[in-house]
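The data below hold one chain only, encoded as C-alpha cells and taken in the form predicted alone.
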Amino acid sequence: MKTSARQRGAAGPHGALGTRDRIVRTASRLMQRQGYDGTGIKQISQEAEATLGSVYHFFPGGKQELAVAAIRHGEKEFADELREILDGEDDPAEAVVACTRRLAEGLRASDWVDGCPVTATALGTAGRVPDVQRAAAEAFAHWRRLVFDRLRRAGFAEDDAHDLSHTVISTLEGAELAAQVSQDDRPLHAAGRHLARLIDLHRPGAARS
C-alpha cells in the first residue's frame, strides 16, 4: 500500500544510495505506476542512473528477480509505517482510521498515481510469474500479521483477531484502489469508519447480537 512517506528515496536525487538500492527503489516506483508489463529493464537502468550491466550483475534473473526485490522493498516500507501507526494509537480501531488517513494523504500527494506497489506489480503477473505472486502473498501475510498481533495485544480473541486482520488488509487494499481510480479519498475514509465499527463489535467485552 502507498503512504505519504513511500518512495521518497526514489523520487528525488539518489544521494548516497548504493547502486543496488537505487535500482530496487526505481523499479518499485516504476512498477507501482506502470505495472510489471509496462516497466522495462532499460527504463529502470536509465532512471536509476545505473548501467544495464549493473542491473544484471545484481539481478541475473532479470526483470522477474528485480520485481521480487521491488515488492519486498514496498512491503517493508508499508510494514514499517503500519507498525508505527498501530503502535502509535492506544485503540486499534483508531489506528486503522489513522492508517486510512495516511493512505489518503499519500495518494493525494502523488496526484493519485502511487497506489500499492505490491498489488500494482503482482496483478500483471498473475498465473505467469510464480516468484512474484509468492512475494506478494508474503507481503500481505506480513501486513495481516502486524494487525493480528496488535489486536491480540489489545485482548482480542485469537479467532477474531485472525478474521479481522484479513478483513482490514483486504478492505484497505480495495479502498485504496477505488480511491486511486476515482481520484477521490472518500472510499478510504468510509473504509476506515466501517472497519473501526467492526473492530468495536469484536472488542473484548462488547455485547454481540
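Just so we're clear, the structure is a prediction, and the values are computed from it rather than from any experiment. All residue numbers refer to positions in the sequence shown, first residue = 1.
Keep in mind the form predicted in complex with another copy of the chain is missing from the figure; the text below concerns it.
At least one heavy atom of residue 173 is located within 4.5 Å of another copy of the chain in the model of the complex. Interface membership of residue 38, defined by any non-hydrogen atom within 4.5 Å of another copy of the chain in the model of the complex, is confirmed. Although the partner is absent here, residue 146 is not a contact residue: none of its heavy atoms lies within 4.5 angstroms of another copy of the chain in the model of the complex.
Another copy of the chain in the model of the complex is approached by residue 194, whose closest heavy atom lies within 4.5 angstroms of it. The candidate spot formed by 133, 166 and 186 is fully in contact with another copy of the chain in the model of the complex: every one of the three has a heavy atom within 4.5 Å. The contact residue chosen from 96, 104, 82, 122 relative to another copy of the chain in the model of the complex is 122, the criterion being a non-hydrogen atom within 4.5 angstroms.
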